[in-house]
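Okay, here we've got a single chain as structure tokens, the form predicted alone, with questions on binding and movement later.
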């Protein structure tokens, strides 16, 4: 799913108590996995909460809500800061970054991240980006999905992907998971 679809989802307990809503996603320093979420209160005049929700405390991520066992799942920001490589909520924003191939071709600008829950809910990973395509891709200016390798290089303004990622670009989420798998298999085959 798109990470923008997770923002503002309610956080509810298994008992059905509405305890917060997602404010932002906190990514690992390498950008490859979701560590957790910063939170906001529920209600018209509620602001940000001090507590955060580590991914390890999420019981389920559904199309309508994040489910936690109980309110104790919300914890001190220090729980995420050590894993995120700094202060929660600071830096690491990939939106607006240019995606370049390792051969220097500009593929477009990141408009969203694509996340996948894997391993029986053990982890949530960034598997691709939604980009506004450049002239280097078919239909320049349209939004397309590009898969990411297991590890990638990133600076504050650019994300570097293998040139072969162009062969796995998709226009929608249908079949994108298979494209990610094929892309990563192709990369592993090249490195073996």
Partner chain sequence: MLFSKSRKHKVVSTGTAETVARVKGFVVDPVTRHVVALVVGKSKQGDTLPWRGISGFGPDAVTVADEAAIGPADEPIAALAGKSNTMLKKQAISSFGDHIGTVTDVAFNGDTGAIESVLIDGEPVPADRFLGVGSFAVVIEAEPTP
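Residue numbers count along the first chain shown, from 1. Not measured: the values here are computed from a predicted model.
Missing here is the form predicted together with its partner chain; even so, the following discussion is about that form.
- Taking non-hydrogen atoms only, residue 43 never approaches its partner chain to within 4.5 angstroms in the predicted bound form.
- Within this chain, residue 175 is remote from the site of its partner chain in the predicted bound form, having no heavy atom within 4.5 Å.
- Mapping the unseen interface onto this chain, residue 140 falls outside it, with no heavy atom inside 4.5 Å of its partner chain in the predicted bound form.
- A residue is said to contact a partner when one of its heavy atoms sits within 4.5 Å of a partner heavy atom; residue 61 meets this definition for its partner chain in the predicted bound form.
- When you look in the predicted bound form, the only residue of 163, 65, 136, 160 with a non-hydrogen atom within 4.5 Å of its partner chain is 65.
- Of the candidate stretches 47 to 55, 65 to 73, 163 to 171, 122 to 130, only 65 to 73 contains residues with a heavy atom within 4.5 Å of its partner chain in the predicted bound form.
- Contact annotation for 9 to 23: residues with any non-hydrogen atom within 4.5 angstroms of its partner chain in the predicted bound form are 10, 12, 13, 14, 15, 16, 17, 18, listed in sequence order.
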